[in-house]
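Just one chain is shown here, as structure tokens, and it is the form predicted alone.
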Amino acid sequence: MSAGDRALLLGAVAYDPKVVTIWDGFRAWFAEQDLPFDFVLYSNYERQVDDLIAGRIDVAWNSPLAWVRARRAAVAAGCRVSAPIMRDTDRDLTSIVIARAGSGIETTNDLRGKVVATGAVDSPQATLLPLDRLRGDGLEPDTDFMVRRFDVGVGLHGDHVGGERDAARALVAGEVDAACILAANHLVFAREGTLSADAIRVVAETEPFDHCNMTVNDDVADRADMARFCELLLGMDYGDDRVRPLLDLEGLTRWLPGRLDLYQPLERAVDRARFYDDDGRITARDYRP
């Protein structure tokens, strides 16, 4: 069977039960647009990337860390990948390092000898990127300060926000001196009562980075089907009652063309943390998805 004779196959990671609702809904909507489409779910991003590079799926709804690994593994395997689509909410994010107001921690240098809480080992936004921000100020994790990691949902690349939330709770409880979170979650955690915005100060902020993207194996996916897939995604209208609930669940108001420049901060953080090697092999000693 040629690629053009079968449905376009997407991989997505089941970090939450809503993922089934989202992609079941999109599959029905694509069928209405005469695009044969199906999806498979994975328990972790590493297996999804392996299957993308092996050509068992055409496109992967990838975390930023999964993109970094897919790009490196594709080069090593001699195949081509691209990232043609992302959400409007995937662009220009930052992470922050926070401390309790009145704790005496005013700058990153005040973190020397302290305990800094992070999310899961594979969370770009709550572990890899903010720790790399501190490296940039000359502070080496577990040497100049101690890291207390909250490994919730390992293998989900931080999509399960539980570890990040537990890090914030540990800060409030006085169990740690600082915590690393996505800047956008500062307000979320304040609304839900995990943090009191007035009781927290921001010690450091990362440079902007981009988050998820649709990663395509260009050597496997049918070119016409992929072009139609991207055209349909970019044409989704938030005012359409059929797709708006799905877009809300997925956390966007519109799909945008992908871009690659703002994955460089994560590429650098991955190298400094020795998380993957240049060929996309897992080299982090304590990472078992």
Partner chain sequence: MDASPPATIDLDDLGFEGGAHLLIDRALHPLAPGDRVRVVGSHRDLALHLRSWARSQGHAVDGDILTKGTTGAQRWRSAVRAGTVDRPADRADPTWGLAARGALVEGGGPALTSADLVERDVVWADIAAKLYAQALAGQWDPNTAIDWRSDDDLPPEVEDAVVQVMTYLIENEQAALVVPARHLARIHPQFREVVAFLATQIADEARHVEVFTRRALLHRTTLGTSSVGGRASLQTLVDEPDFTLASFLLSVLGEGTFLDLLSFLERHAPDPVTRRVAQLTRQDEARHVAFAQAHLEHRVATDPMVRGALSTAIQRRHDALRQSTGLNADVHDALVLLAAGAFTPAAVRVGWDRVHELEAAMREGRRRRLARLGFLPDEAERLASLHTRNFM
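Numbering follows the first chain given and starts at 1. Everything numeric here is computed off the predicted structure, so don't read it as measured data.
This protein has a second form, the form predicted together with its partner chain, left out of what is shown; the following refers to that one.
Only one listed stretch (74 to 82, 143 to 151, 202 to 210, 124 to 132) carries heavy atoms within 4.5 Å of its partner chain in the predicted bound form, and that stretch is 202 to 210.
With a 4.5 Å cutoff on heavy atoms, Asp240 counts as touching its partner chain in the predicted bound form.
When contacts are judged by a 4.5 Å heavy atom cut-off, Leu187 counts as touching its partner chain in the predicted bound form.
For the chain shown alone, Arg244 is a contact residue for its partner chain in the predicted bound form, at least one non-hydrogen atom being within 4.5 angstroms. Using a 4.5 angstroms threshold between heavy atoms, Ala197 counts as touching its partner chain in the predicted bound form. Shown without its partner, this chain lists Ala170, Met86, Ile105, Ile96 as candidates; in the predicted bound form, only Ile96 has a non-hydrogen atom within 4.5 angstroms of its partner chain. Proximity to its partner chain in the predicted bound form, defined as a heavy atom within 4.5 Å, singles out one entry of Gln264, Ser43, Gln33, Thr253, which is Thr253. Using a 4.5 Å heavy atom cutoff, none of Lys114, Asp166 and Asp286 lies near its partner chain in the predicted bound form. For the stretch 27 to 41, the set of residues having any non-hydrogen atom within 4.5 angstroms of its partner chain in the predicted bound form is empty.
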